[in-house]
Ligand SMILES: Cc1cc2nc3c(=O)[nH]c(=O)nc-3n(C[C@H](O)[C@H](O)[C@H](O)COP(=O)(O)OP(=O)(O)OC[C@H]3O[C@@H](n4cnc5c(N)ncnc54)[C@H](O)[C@@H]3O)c2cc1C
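There is one chain below, alone, in C-alpha cells, taken in the form predicted on its own.
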C-alpha cells in the first residue's frame, strides 16, 4: 500500500514554520543526544524532536555496552593492553563481509578519544573493574567485559584479544530500565545537552522531509498531538530515530529471518526515517543484516555443547552469545539443543548471571546419550557420534573441531540432559541508510544529500551482518557526534 505522506514537501509550500533551529535532530536516543551535544558544542542552536514523552530511546533500556578499545584508560586500569590495529583486525573479521572499512578504521582510531569524551566531557562513569564470567552483561557495576567473542575461536587467532565492552557504572544495577547501564549512558548525555542549551520537544512524530528548489533538506514536517507542524532547519537535519525492527512490512521485505521476533529494540523503531530519506533517493546498505539474541543463559551453554537439528555441533559455546544466536537462526534453521550433564548444569546454576530468567530446566534427562538421542527425536547415531568425538578430545582438554577454550572443555558424563532451544532467538535490524564517515546521508548516485545527516540504527554503521555488544551504542554515539558537527558547520 502506498504512503504519499512519506514523500518530500517543497519548501515553498510551507506557509509557516512552527519551530526553527540551526540543527534539527529527530530522535533523542544515544545517536540523537550525541548529535545534539556535538552540534551545540560547535555553536549551533539545536532542537531535538522526540516522538515519545521522554528522552532515552532503546539506548536507555539497554545493558549499556559501548564498544571501545585501542588502549582506553579503562582497559589500562584493568590491566589489559590493546591497540588500534588489533581492534581493527578483529572488527573487520567479526562484523561480516562487506563491512565499511573506512568507518571501522575511523572508529578504531578515534576510540580512545571517544572514551575520553564520554568519561571526561560528558561525565559517563566507568568503574575500573573487569568482569570475566560468561554472560550477556555483568550483573555487577564492573566496567569492562569481553563483549564480542574476541578471546574465542576463530577471532583469538586473528587479533590479540582484549575486552572492549565498556559498561557505564550503575549502583544496584538491574538488567534494564532506569537501573541499567544504558540509562547511565543516556542521562549524562541528556544533561550535557540541556546544559548546552539544546531544546527538546516531545510527542512529535516526524512524517517527511522538506526540500528547497535545489534539493537541499531544509526541515521536517511532523505530527504533534495530531496536529501537523513544520520545523525549519537552517543548517541541517539529523535523523536518529532507530531501526526498522518493528516495521513488519520492512522486516518481511529485507530481513525476513527475524519476522515476528523483534528483540532488544522498541516499538518506535518503525523505519520511518529510512523511508523518508529513501523518498529523496537515499541509498541503503546491509538491510538483511540482523543481530540475534539467544535465549539461554551463557553460564549454562558454555558448560555443555550446542547441537542443531541433525545432532551436530555448530558453534564454539564460549563465544559471544550474539554469535551463537546468529549461527542458530541464520545458519541452522533456528534449531538448537543444549546437551549438558548433571554436574555441569548444577555448577552453572551456582554462578552469577545477569540473566537468571534464561536458566531453563532440562527438557529431557537420561542415563545415556543413546537414550537421550532417541528421546530428542534425532537421527540414530547422530548425537552419539557428536558426543563421542567431543569427549575423546575433551579428555585432553582440547576441542580441535571448533576451538572452544580448554577451561570450558570437559567430557560429558551421566546423567545427561538436553534443553530444547528451538526457536529461542530474537533480534533487531542492523541495516539502514548509507552514510559517509561524516554521517552525510548518501544518494544512490554516491553524492551526499545536501542538508541531511543520520546516525544510529537508522543507518548502516560499522556492522554488516556480524555484531558485537556495544556496536550500536558505540557507533551511534561516535557517528552521532560527527552528524551533529557536520550539520552545524553545514
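Numbering follows the first chain given and starts at 1. Small disclaimer: the values here were computed from a predicted structure and weren't measured.
Another form, the form predicted in complex with the named molecule, is not on view; read the next lines as being about it.
> Where the named molecule sits in the model of the complex, superposed onto the shown form by the site's C-alphas, are 3 or more of its atoms within 2.4 Å of backbone or C-beta (blocked), or none (open)?
Judged by the transferred pose of the named molecule in the model of the complex, this form is open (no ligand atom within 2.4 Å of backbone or C-beta).
> Can you check 435-443, 35-43, 61-69, 419-427 and let me know which stretch has heavy atoms within 4.5 Å of the named molecule in the model of the complex?
Going by heavy atoms within 4.5 Å, the stretch is 61-69.
> Applying a 4.5 Å heavy atom distance criterion, does residue 28 contact the named molecule in the model of the complex?
Close contact exists here: in the model of the complex, residue 28 approaches the named molecule to within 4.5 Å, heavy atoms only.
> Check residue 264 for me: does it contact the named molecule in the model of the complex (non-hydrogen atoms, 4.5 angstroms)?
Residue 264: contacts the named molecule in the model of the complex.
> Heavy atoms within 4.5 Å of the named molecule in the model of the complex: does residue 56 have any?
Yes, contact at 4.5 Å.
> Please tell me whether any heavy atom belonging to residue 240 falls inside 4.5 Å of a heavy atom of the named molecule, as the geometry stands in the model of the complex.
Heavy-atom contact with the named molecule at 4.5 Å: present for residue 240.
> Out of 330, 99, 410, 206, which one falls within 4.5 Å of the named molecule in the model of the complex, going by heavy atoms?
Contact residue from the list: 206.
> With the named molecule left out of view, choose which of 232, 269, 313, 323 has a non-hydrogen atom within 4.5 angstroms of it in the model of the complex.
Result of the distance check: 269.
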